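Next comes just one chain, in structure tokens: the form predicted on its own.
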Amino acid sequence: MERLQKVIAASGITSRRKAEGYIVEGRVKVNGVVITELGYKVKKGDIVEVDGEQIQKENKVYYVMNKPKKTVCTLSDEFDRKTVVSLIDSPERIFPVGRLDYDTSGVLILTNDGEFANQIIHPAYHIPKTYDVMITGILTTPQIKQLEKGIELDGVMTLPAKVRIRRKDLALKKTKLDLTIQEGRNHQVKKMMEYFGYEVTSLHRKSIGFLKVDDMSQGDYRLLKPYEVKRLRALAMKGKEE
């Protein structure tokens, strides 16, 4: 037997956390009976419905894409901008794992596995993510040390970051750097630079853990290999323990 929220997440409808909300809100039925108990366990053969529709267990798929600029990490867009999901020809109903901004490119995972997605993006799992960043301004040594110790954003300290300066253009007052963070807060890299008064003019996610897209053009994608999915799960669990 499996917990009801896990069964819902396994169908690809939503994440386990959101599934718990659906249960509490009375939107879930098992064998025609509304269930609001989060600890409820589903037996083999039980019929589970969400908002009146029976769920089916989906075949789990995992893609990695080199997200192109001028695309959004949503399933649809009110301004009719191109979505990352529309670029992938998949029979399964997939969604992006986390978000990259409209003007940001780089490594993006898409899947229909809500539990896996949560492990990748939840701050508790501490998977390192490295970004290629260009800013207006010259990042100073004291500022680098602050980033490496952690700075306060929105009232919460960031985890220690790694900074590698790749180029300082003193004439144009620009700095190109690699920044590795362990979290995935909203607009985190841009906010970290804004903390010092700098504007990010170019942003590309180079890697999530070991996963890179150096050999892929923007917009290209591929299925993750089973061992890559396994390694990402292991990396997430290792990060949670540290």
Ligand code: URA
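Numbering starts at 1 and runs along the sequence shown. Keep in mind that this is a model prediction, so the values were computed, not measured.
The same protein has a further form, the form predicted in complex with uracil (URA), not shown here; the description that follows concerns it.
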- Can you pick the stretch from 76-84, 135-143, 111-119, 96-104 whose heavy atoms fall within 4.5 Å of uracil (URA) in the predicted bound form? 96-104
- Item | Among the candidates 187, 57, 43, 70, the residue which, in the predicted bound form, approaches uracil (URA) to within 4.5 Å (heavy atoms) | 187
- Note: exactly one of 208, 203, 28, 64 sits with a heavy atom within 4.5 Å of uracil (URA) in the predicted bound form, namely 203
- Item | Contact of residue 131 with uracil (URA) in the predicted bound form (heavy atom, 4.5 Å) | yes
